[in-house]
Every structure is written in C-alpha cells, then in structure tokens.
Ligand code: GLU
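Taking the form predicted alone, here's one chain by itself in structure tokens.
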Amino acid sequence: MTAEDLLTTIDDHGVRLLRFLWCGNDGTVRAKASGRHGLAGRLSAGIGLTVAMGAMNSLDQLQPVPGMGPVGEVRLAPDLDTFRLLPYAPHVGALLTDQLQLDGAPAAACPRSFLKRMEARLAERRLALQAAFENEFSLATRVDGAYVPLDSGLCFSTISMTACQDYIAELAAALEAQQIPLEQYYAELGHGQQEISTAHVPALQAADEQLLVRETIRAVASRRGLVASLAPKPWPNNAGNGCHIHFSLWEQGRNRFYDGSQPDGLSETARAFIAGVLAHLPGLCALTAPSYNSYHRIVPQSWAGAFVCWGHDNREAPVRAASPFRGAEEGSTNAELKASDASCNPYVAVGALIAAGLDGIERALEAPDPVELDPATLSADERAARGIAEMPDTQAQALDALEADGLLLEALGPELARSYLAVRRSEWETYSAGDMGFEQQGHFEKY
C-alpha cells in the first residue's frame, strides 16, 4: 500500500486518529496517534519517540540504561501494509511500527527489527517460519474494586460459552473486520477463562497480529463493561493464561518439519530445531514467559511446561509436537511452545525462538528422547537420568539464564539485550518486594 492509497482509505472511512503501535521491553502495547492534519508527513517520516521508552518498565519506571535517558529520540516508522480500521474504536485506525534512528537505519533496540533480522537469517537457508498464537484470557467484572470471574463453568462448558456469547460474537466480528481469521474458540479450564487461536502466518505478520489481537480482546471487553486480562496468572487460585506459539519451517511451499517416512511425521530439521529450542529454553523463557507473574503459571501439573523436555501431544512438556490433521499431514505438522504467555513482546519471543531453533539446525543437534508422560510423576533421580531439568522457578532465575546464554544475547544485540534485562530485572525487584495484591494489580489490566 502506498501512502497515497492509505490517505484515500482513511478519508473514505472518516478516520480521525491513526494509532502508531509498538510493544516495549515490558511487553505492554503502547501507541502515539496522529490526527489527519500532517498525517502525510508522519506516514513517511514517522512520529518522534523518546529513546527513554526502551528503558521503561511496566510500572512506568525509567531504568538507568546508557543511551536511553532524557536526551535523544527514535522515529516510529509505520509499516503501511499493516493498516487496520479498529472496529471497536470509531473513526480510529492503527499501524504497526519499526523504531528507526534519525538517519533512517533501524534502531539497535527495536524489537520488530530484531525479528526481521532473525527472519533474514532463516531466509539465507531459504526457510521461513510460520507461526500462530493461541491466547488464553480471563473475563471479569469489577465488584467493589475486586476482579470477579464472569462465570464459574467447567472446561469446554457450553454454559460458560453462553455466559459470554455476546462478547465472543463481537470479538469474532472485530477480528474478522481486521482480516485476522479466528480458527477456534472455547471456554477454558479457569473460571471466566477463554481461549482463541488464529491462523498460521509468516513470523512477522504473526507478531504484528498478536498485538492487534491483544488490543481487540481488551477493547471489546471494555466496550461491554468487562475486563479482559491476558495476565499469566490473573488470580492466585485460578488457572493461568498461556499464549502458546505454534511454529513450523517452510521452504517454497513445503513444510520442512514434515517427513512422511518417519513414524511420527517429524523431519530431522524439525528435531534439530526442537533440540535448539530445548538447549536454550531456560534463557528463552525469560523472553517468552518474561513477567514476574509468569512463574506462578509455570509450575508442575499445570499444563504449562515446568520441565525442560518435549513430547508428542504432551501438554506437560514445554515443547509439544502437535498431532497433524488426517489427510492434511504436511500442512498441519507443527510444534508448540507452551512456556509462553501474553506478557511477552511477541517480536522478541518469536525472534528468539528462531535464534534458538536455528542454533539447533546449524549445530545439527539431536533432540533428546521424547517424554510421553507427566515428568512431575518421575522422581528427581529418574528425571536426572533422562536429562530432564527443571525450568526456572522465578523471573529472576530466567533472567539469570538469559544473561548466561551467549547465543541469545548475541542474537538480540547488546542494546536490546541490555535494555531488556534492565527493564525486566527492575520488575522483579519491585514485585518481589510487594504482596500478592500488588502483583495482581500490576498485571491484571496491563496484559
């Protein structure tokens, strides 16, 4: 889409404000908006943004990161092909953005540019990652300042579906209006908990659409007087919300994860990619399950993946080889990262997933034997004998693992790695000094 085409579309639809969206190191979605006056210039030159936002945590506390203080700015440069009319906000549209230096070069700490770099590394091997997000989220009402689940139905309950059917109908329509196909919906295990999945698309598009999906889930709820939370553990005694990432590698229309000659249909490429993900999983989860709240979800026997392993349709493994659809085996063969939630920056999460998997391919790593049972049912000695390590127990442990992972740090680059670690470590320090109520308040409506 050209700028002229976009301006015509905006005028035809009476758009008064155009949001320039980005996602920070804290995983929150933020925006600056342009009015129609001067918009043509902003479409080409972007909107100015202080460099300090790269060091801002989810409590809006600025961290002392070199080069990210009160002096200097980047430009929020819109990708015109990402334009959407926002069906939940009359006369408002949105664009996804890259962060550029004033000379037009990608800013070193730009998360979207990081994902583009990882896609380019795949392209050198004539490969492309397809990804899809499964978002779990909780619907609540506010009663005397407390968040109360919308329903108390059972997993997959039609009673729960009925309780929020009007909301879900509006959500489905809003996603369709933004050209984001809704694949599946159902009521999940937790009270008030819902799950939706969207289609497999190229990695950058998947990350872009994940921001739009998160915005839509929350905004449609707000319009209906509800609160939608994608926080990993919105209530201490309720099921946690994951944001599972499904992924596969493609080359010229062929799924390189698929090998019909193998009993399970998984190719050597798929196994090597999975092996790379497992090799880096403790540090990787600091990027895919990155918040303080995340580690109240990643616990044994919670279907969130508390042990470093993989398995075929094993929902207690953080990496699950999903069973393909009969008659569409090649097209549907994929793996799923369960140790992921919507407090992540999706550009960082998917980019780091690529970096880890590529390391497995480049070093020809062999995946360990799949685990086809709940690893929590094994004794510690049995897990040790099978090489099944525990995942990090806390945000701090995950960040320590990331800081010790040279490959992931090199992939991120020094500026993005340094700012990311500073932001997330500051959140650990703040939330670990507070109580459970402070943690809930700080996560429920931010994610």
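Worth saying up front: this structure is predicted, and the values here are computed from it rather than measured. We number the residues from 1 along the sequence you see.
Keep in mind that the form predicted together with the named molecule is missing from the display, and what follows is about it.
*Asks:* With a 4.5 Å heavy atom cut-off, would you call Glu119 a contact of the named molecule in the model of the complex?
*Replies:* Contact check for Glu119: no, nothing within 4.5 Å of the named molecule in the model of the complex.
*Asks:* Check Glu195 for me: does it contact the named molecule in the model of the complex (non-hydrogen atoms, 4.5 angstroms)?
*Replies:* Within the cut-off, so yes.
*Asks:* Using heavy atoms and a 4.5 Å limit, would one call Ser302 a contact residue for the named molecule in the model of the complex?
*Replies:* Although the named molecule is absent here, Ser302 would touch it in the model of the complex, with heavy atoms inside 4.5 Å.
*Asks:* Decide whether Arg271 counts as a contact residue for the named molecule in the model of the complex under a heavy atom distance cut-off of 4.5 Å.
*Replies:* Result no; Arg271 lies far from the named molecule in the model of the complex.
*Asks:* So which of Glu188, Glu73, Glu170, Asp374 gets a non-hydrogen atom within 4.5 Å of the named molecule in the model of the complex?
*Replies:* The residue in contact is Glu188.
*Asks:* Check each of Arg214, His280, Lys338, Arg112 and return the one that places a heavy atom within 4.5 angstroms of the named molecule in the model of the complex.
*Replies:* Looking at the other structure, the residue within range turns out to be Lys338.
*Asks:* May I ask whether Asn241, His244 and Arg315 all come within 4.5 angstroms of the named molecule in the model of the complex, judged by heavy atoms?
*Replies:* Yes.
*Asks:* Please pick out the stretch from 294 to 302, 159 to 167, 98 to 106, 353 to 361 that is in contact with the named molecule in the model of the complex, where contact means heavy atoms within 4.5 Å.
*Replies:* Contact criterion met by 294 to 302 only.
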